[in-house]
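Single chain ahead, written as structure tokens, the form predicted alone.
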Amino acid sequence: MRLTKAGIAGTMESSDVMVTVRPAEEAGIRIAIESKVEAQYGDEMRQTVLDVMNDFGIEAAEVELRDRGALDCVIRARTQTAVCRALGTGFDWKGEDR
């Protein structure tokens, strides 16, 4: 699936993350992280984003995370929301279609 516009989700509040997803010209998922804990948790944060992108079938995107101490579940939810906004679709939060 291809992104056609940018999508943003989250805030800059403590324990949250602002996720911005943009279309990319070239194939691949490029992830930029701004976080005080990137050295400790950057790999896990990247894997969470990649998992969400794979779930949606996104093959080309630029993703920016501006982290303020978000847990993995928050990063996942914010990334899902940003992707849905970029695609102009909804998301089955109850998981009934999965």
Partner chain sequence: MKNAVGRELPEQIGNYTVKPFAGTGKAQKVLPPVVSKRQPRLGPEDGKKLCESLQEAIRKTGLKDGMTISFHHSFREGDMIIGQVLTAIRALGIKGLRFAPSAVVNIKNPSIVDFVKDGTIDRIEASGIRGELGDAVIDGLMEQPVILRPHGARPRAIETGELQIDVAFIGASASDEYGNCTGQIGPNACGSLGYSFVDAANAAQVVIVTDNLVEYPCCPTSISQQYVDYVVVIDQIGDPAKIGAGAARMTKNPRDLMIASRAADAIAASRLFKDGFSFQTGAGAISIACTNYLAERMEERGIKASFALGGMTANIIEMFKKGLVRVLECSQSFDAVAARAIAEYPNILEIDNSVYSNPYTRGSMLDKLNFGVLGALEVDTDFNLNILTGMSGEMMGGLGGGPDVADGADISIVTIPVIRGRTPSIVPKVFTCCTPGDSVAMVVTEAGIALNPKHKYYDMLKEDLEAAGLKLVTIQYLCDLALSYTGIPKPIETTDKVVAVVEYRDGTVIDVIRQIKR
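Residue numbers count along the first chain shown, from 1. This one's a predicted model, so the numbers in the text were calculated from it and none came from an experiment.
A second form of this protein, the form predicted together with its partner chain, is not displayed here; the remarks below concern that form.
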Of Glu34, Glu59, Asp55, Asp72, which one comes within 4.5 Å of its partner chain in the model of the complex, counting heavy atoms only?
Asp72
Counting only non-hydrogen atoms and a 4.5 Å threshold, tell me whether Asp51, Thr81 and Phe91 all contact its partner chain in the model of the complex.
no
Any of the heavy atoms of Glu26 lying within 4.5 Å of its partner chain in the model of the complex?
no
Contact test in the model of the complex: Thr11 vs its partner chain, heavy atoms, 4.5 Å
no
Could you pull out the residues of 38 to 57 that have any heavy atom within 4.5 Å of its partner chain in the model of the complex?
Ala39, Gln40, Tyr41, Asp43, Glu44, Met45
